[in-house]
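Only one chain comes next, encoded as structure tokens, the form predicted alone.
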Amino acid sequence: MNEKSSTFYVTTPIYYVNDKPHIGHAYTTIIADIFARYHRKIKGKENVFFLTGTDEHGSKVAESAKSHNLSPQKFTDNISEEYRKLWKNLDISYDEFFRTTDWRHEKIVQDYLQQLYDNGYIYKAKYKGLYCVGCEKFLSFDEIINDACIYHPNTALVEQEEENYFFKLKDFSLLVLDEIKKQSYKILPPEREKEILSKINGGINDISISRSGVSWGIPLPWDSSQTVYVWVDALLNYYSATKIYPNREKFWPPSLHLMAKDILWFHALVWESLLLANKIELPKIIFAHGFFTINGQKMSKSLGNIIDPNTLIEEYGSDATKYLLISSFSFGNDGDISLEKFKGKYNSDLANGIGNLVARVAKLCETSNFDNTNNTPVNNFSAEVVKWMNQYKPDEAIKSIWKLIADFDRDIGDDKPWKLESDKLKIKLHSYVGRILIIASDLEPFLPKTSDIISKIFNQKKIRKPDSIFPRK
């Protein structure tokens, strides 16, 4: 196995710091954490790089800072710390937390764009169009419905005319099209790839890579009167991270970029074009998942239905919060959630599911004074988990684990071990401990704390029934 195939580099988007993190940010990061933990177990910790962080430049950030009577830097410091705290509360195992205000990143961005400029891929021109502050971009006609952005319908569009520097995206989009057809990189799920192909085939315009009226950004190296367009600045974080942090260059190209579908275009076309222009190897997988709705309605401040992930963690704990989010709907699709549904799912799947199974098996071992000296450690994953994770379907992987739990629970009822003679009971309990340790191993990427608790319970010489690992709510 060569070095490239033995490494795994997974990223979340770097989250925009115009406001505090919400449940959508948590979902993407939980999924990334699952893939990082899964591959660490397969490849070894030193061969996995999990990057997350915050995107801290742009007009929207400057406006939010002003509304809080703070400097942009102080405001970004505060919001960036909110993300760090949430990831700690969620037990997210990231390796590096990236900030675009890092001076080392700023230097790499300037050097990268200077190379594009020197090679003739950037030119100056005037542009007039409708700009969405929420997206931080000029919109094309198919992104506008009823005179509003499809993703920010309550934010007024701004008609702007600027003289900016443009990147020759149109030319490179044709090269990207070839790379997609050759499967040099994949866009998942398949319907997202169709969206990008349709957009390219419909015709691509060059993209502005600078802004003239935004001071909170990285100055262009050849024209300090303009700052780097926030999206170009942000996308380059994946590349500059491998240059900034020690011993990370071996991880290029990224194995998996994770994001919500509203930023797919930047990640599946603009990003690849910027890389191709400087002859840099493309990422392997771009995966854009769907959106949350809350009780059938889009998340919105005005509706007051934005769920703070910390509220879920306080109520259910980090592992249960992870489970409730990743198992609520198919990864890649849109999905609806509600706090009421979470409580029911917690009780049925966690308290009555894995929690009851652990208590049941442990009690059988304790009451029969089972000698657990000959169990075999489990350090791999079940075939079903491997199959689904290789297909980028962590929700199906966790479903397969819950099938093992349900089957195991049913088998205990059928076996009636409490009626078995001593020798037969010993054999049966040995198999039970083996089965539950397999489940604990499978759970490790998804519910790491729970996995550890179960492993400790059933790796003891004398097994004792624990307090409920998921008390009913």
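So that there is no doubt, residue numbering starts at 1 and follows the sequence shown. Only a predicted model underlies this, so the values are computations on that prediction, with no experimental measurement involved.
A second form of this protein, the form predicted in complex with a small molecule, is not displayed here; the remarks below concern that form.
Student: My question is simply whether Ile463 lines the interface with the small molecule in the model of the complex - judged by any non-hydrogen atom within 4.5 Å.
Tutor: No, Ile463 sits far enough from the small molecule in the model of the complex that none of its heavy atoms falls within 4.5 Å.
Student: Looking at the partner-bound form in the model of the complex, is Val10 within 4.5 Å of the small molecule by any heavy atom?
Tutor: Val10 lies outside the contact set for the small molecule.
Student: How about Asp55: is it within 4.5 Å of the small molecule in the model of the complex, going by heavy atoms?
Tutor: Looking in the model of the complex, residue contacts with the small molecule include Asp55, since a heavy atom lies within 4.5 Å.
Student: Counting only non-hydrogen atoms and a 4.5 angstroms cut-off, does Ile263 reach the small molecule in the model of the complex?
Tutor: Taking the distances in the model of the complex, the answer for Ile263 is yes, it comes within 4.5 Å of the small molecule.
Student: Picking from 197-205, 233-241, 346-354, 85-93, which part of the chain touches the small molecule in the model of the complex when contact means heavy atoms within 4.5 Å?
Tutor: Heavy atoms within 4.5 Å of the small molecule in the model of the complex occur in 233-241.
Student: In the model of the complex, which of the listed residues (Leu174, Ala156, Ile144, Met299) lies with a heavy atom within 4.5 Å of the small molecule?
Tutor: It is Met299 that has a heavy atom within 4.5 Å of the partner.
Student: At 4.5 Å by heavy atoms, is each residue in Gly24, Thr28 and His289 next to the small molecule in the model of the complex?
Tutor: Every residue of the spot touches the small molecule in the model of the complex.
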